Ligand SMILES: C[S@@+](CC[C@H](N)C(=O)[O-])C[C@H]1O[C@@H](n2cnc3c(N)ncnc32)[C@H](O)[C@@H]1O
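First comes one chain, alone, set out as structure tokens in the form predicted on its own.
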């Protein structure tokens, strides 16, 4: 993946265990169908973060087939989850999987653009999120972040996934055919933005395809 040695990744993933058989089966389906679900090493990291944070209200941008939303629900038994997906087929699949798991009362599946759906939540008076997970269109991370942070409580944790984009964010040499220039430019701008924002404490990590962990300190920093 250009980020860590494949042998290291294999060694780490060999110790991975799904939270449940349901999630294990859904991961297998997602990986077979090349659905962009969270990587095993990313999930293993989130296990520790969620155990420490114990969030009560989670916002996710990028549902895909619902794997991570279901993972959050199983990992955080008392959490209420709002998850947003723009792709209609993926959103339907996610709703099916959420209903099949009997978790539709805790997982609110929203269809549409991430920013627009977050603003609708704001208009409905839904806020107080203490955990946000951004894993959607890479060139739109900044506007998703800006919309989400307005609904976060102080000390909320915001995790942005895939920030390294198979190391293309780090160097153009990894964009071999030059097809990802826009995503690369936008992600670099986004990383600079969250690392320089005075209201945030942000750490970048080379876990999975790269993650940014930001703690929101409030408007006064």
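Residue numbers count along the first chain shown, from 1. Please read these numbers as outputs of a predicted model, since none were measured by experiment.
The form predicted in complex with the named molecule is left out here; the points below concern that form.
Peer 1: Which pick from 136, 107, 94, 132 sits with a heavy atom within 4.5 Å of the named molecule in the model of the complex?
Peer 2: Of the candidates 136, 107, 94, 132, 136 is the one lying within 4.5 Å of the named molecule in the model of the complex.
Peer 1: Just to confirm, residue 64 within 4.5 Å of the named molecule in the model of the complex by heavy atoms?
Peer 2: Within the cut-off, so yes.
Peer 1: Does residue 156 reach the named molecule in the model of the complex, with heavy atoms at most 4.5 Å apart?
Peer 2: Looking in the model of the complex, residue contacts with the named molecule do not include residue 156, since no heavy atom lies within 4.5 Å.
Peer 1: I'd like to know if residue 163 sits close to the named molecule in the model of the complex, meaning any non-hydrogen atom pair within 4.5 angstroms.
Peer 2: Because no heavy atom of residue 163 falls inside 4.5 Å of the named molecule in the model of the complex, the answer is no.
Peer 1: Using the partner position in the model of the complex, report whether residue 37 sits within 4.5 Å of the named molecule, counting heavy atoms only.
Peer 2: Output for residue 37 is yes: heavy atoms within 4.5 Å of the named molecule.
Peer 1: Where does the named molecule sit in the model of the complex: which of 148-156, 173-181, 54-62, 187-195, heavy atoms within 4.5 Å?
Peer 2: The contacting stretch here is 54-62.
Peer 1: Out of 143-175, which residues reach within 4.5 Å of the named molecule in the model of the complex, heavy atoms considered?
Peer 2: The stretch touches the partner through 143, 144.
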